[in-house]
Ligand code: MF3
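Take a look at this single chain, the form predicted on its own, given in structure tokens.
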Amino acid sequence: MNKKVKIKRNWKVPKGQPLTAFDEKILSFQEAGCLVPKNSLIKTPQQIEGIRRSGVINTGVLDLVAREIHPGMTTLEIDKLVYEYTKDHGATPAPLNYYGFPNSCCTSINDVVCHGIPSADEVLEEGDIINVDCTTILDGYYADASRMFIIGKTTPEREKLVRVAKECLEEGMKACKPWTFVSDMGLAITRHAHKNGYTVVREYCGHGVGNEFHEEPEVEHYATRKGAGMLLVPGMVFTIEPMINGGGWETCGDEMDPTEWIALTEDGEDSAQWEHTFLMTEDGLEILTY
């Protein structure tokens, strides 16, 4: 006898409210055993507008970093730019004091995969590649994005890694349509990374965002098949932020990091990452962090 599959009933129609076509479509996926979002993950127009306004400041922060970053600059100077710009625009940098994180942004250089901690002792050198990751809170709404920066002139290998990492984000965006699944996006990213001789980090992922720093779903960037993970429907807001390694996908902690935040590539090869916050619409993704 076949074992009955237990359905996780995330989607619920509020009592007294009529069943809509939207409800019916989600419920059909749920009854088929798919993981669907909770009602609370569908953002209201007011919430979407708040996230969009936060995204404008988040974009302005990274534009400022792009103008100012240069060889000889310390990562703590980058952090100061992020803090001052964010506060001057009436917002708050979300990473600051988040579970003890000591700074306003993450600065991840070369073989640092993510969560690099700004420091006065860390000086950018010609040829470095660095990811600057910023999250902004404005009026209670969150927006999250990161960019890669090449410091001066670097090697062809590092240039390619930075470019392909951005292409992986773009491939994921193209695959991410309404009523598809997280793994559909992850499979597109994985295929493009592997085609170029790279790997996709598996320990870290994207996430829902907007009303909180980190919400459901977990947006995994590595996948081997379609149709897995959460169903993505109009009204959801989440990040896509693939971390692409030049060597193996495995990561490890930095022994010199007492806070246990910093993640490095296990084999010492370089890593690159790009990130945006997205709104899923009836027509596809809208970027909220341009």
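Quick note: we count residues from 1 along the sequence shown, nothing fancier. Because the structure is predicted, anything quoted here is derived from the model rather than measured.
Although it is not shown, the form predicted in complex with the named molecule is what the next lines describe.
When the named molecule is considered in the model of the complex, only one residue from Arg191, Arg158, His207, Arg202 comes within 4.5 Å through any heavy atom, namely His207. Checked against the named molecule in the model of the complex, the candidates Trp261, Phe29, Trp249, Tyr222 yield a single residue with a heavy atom inside 4.5 Å, and that residue is Trp261. Site residues Trp11, Lys43 and Glu216 are none of them in contact with the named molecule in the model of the complex, judged by any heavy atom within 4.5 Å. Screening 173 to 181, 73 to 81, 93 to 101, 150 to 158 for residues having heavy atoms within 4.5 Å of the named molecule in the model of the complex returns a single hit, 93 to 101. When the named molecule is considered in the model of the complex, Asp133 lines it closely, a heavy atom lying within 4.5 Å.
A residue is said to contact a partner when one of its heavy atoms sits within 4.5 Å of a partner heavy atom; Lys166 fails this definition for the named molecule in the model of the complex, lying far away. At the 4.5 Å threshold, heavy atoms of Glu275 reach the named molecule in the model of the complex. The named molecule is not shown here, and in the model of the complex it never comes within 4.5 Å of any heavy atom of Ile129.
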